[in-house]
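Take a look at this single chain, the form predicted alone, given in structure tokens.
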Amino acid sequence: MVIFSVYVVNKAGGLIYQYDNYVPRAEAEKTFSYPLDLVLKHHDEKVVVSFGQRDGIRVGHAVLSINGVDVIGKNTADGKDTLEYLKDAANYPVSIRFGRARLSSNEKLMLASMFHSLFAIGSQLSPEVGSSGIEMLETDVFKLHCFQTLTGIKFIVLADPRQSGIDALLRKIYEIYSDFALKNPFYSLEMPIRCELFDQNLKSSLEIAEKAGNFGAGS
């Protein structure tokens, strides 16, 4: 089983910790002749496919590299504008690698804030008083699990739908937060968590959860 990532969101909706444990890289690389039979465009500081799915290349996939040179944002690593380069027939044939681009730090901050708002909406929509809010969201490829403490800190885990023991893992992460963040004299409440012991113990707990699927006594 796989645990994809962990988020910690403070009571104001700010992202104070994020760790990518496993990022699947569904990529496709193909050599193209001129003219390029895909439509590309700029979107969120990336060059993405807007039309022309084929051979594992999907709409929304970003250009990751050209002829082995990484693409960073709108330009290649050697400074060439990606779209302008691909418009020039003299640069063909060209090998392009496509895939889903990783979320930027700003995108992660925005998504954490959006989930915080959805959590609050879920509580308000409840027909019963004292709803816990959103505890799980499910898609075909992952489940989002959320545990909110009494003080309003949210611990969020994205995992494979078949992964078991997530409730115990969430409480284990809360325990690690209490032991290695809150008890750290240099840590300020509600602020980003930058603690090596927190990182080490979190990674160890994720590894145990993936292998065993749960936490036994004394974990």
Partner chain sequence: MNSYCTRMTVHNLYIFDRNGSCLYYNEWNRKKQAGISKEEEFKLMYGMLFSIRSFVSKMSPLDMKEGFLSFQTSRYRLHYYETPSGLRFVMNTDLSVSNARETLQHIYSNLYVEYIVKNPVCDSTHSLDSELFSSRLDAFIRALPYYSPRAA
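Note that the structure is a prediction, hence the values are computed from the model and not measured. Positions refer to the first chain, counted from 1.
Below, we turn to the form predicted in complex with its partner chain, even though it does not appear here.
Annotation: in the predicted bound form, residues 166, 184 and 197 none come within 4.5 Å of its partner chain through any heavy atom. Interface residue among 83, 121, 77, 94, judged by heavy atoms within 4.5 Å of its partner chain in the predicted bound form: 121.
A residue is said to contact a partner when one of its heavy atoms sits within 4.5 Å of a partner heavy atom; residue 147 fails this definition for its partner chain in the predicted bound form, lying far away. A residue is said to contact a partner when one of its heavy atoms sits within 4.5 Å of a partner heavy atom; residue 44 meets this definition for its partner chain in the predicted bound form. In the predicted bound form, at least one heavy atom of residue 100 sits within 4.5 Å of a heavy atom of its partner chain. In the predicted bound form, its partner chain sits beyond 4.5 Å of every heavy atom of residue 88.
Per the 4.5 Å heavy atom criterion, its partner chain in the predicted bound form is contacted by stretch 54-62, the sole one of 188-196, 147-155, 54-62, 33-41. Contacts between 117-151 and its partner chain, taken as any heavy atom within 4.5 Å in the predicted bound form, involve 118, 121, 122, 123, 124, 125, 126, 127, 128, 129, 130, 131, 132, 133, 134, 135, 136, 137, 138, 139, 140, 141, 142, 144.
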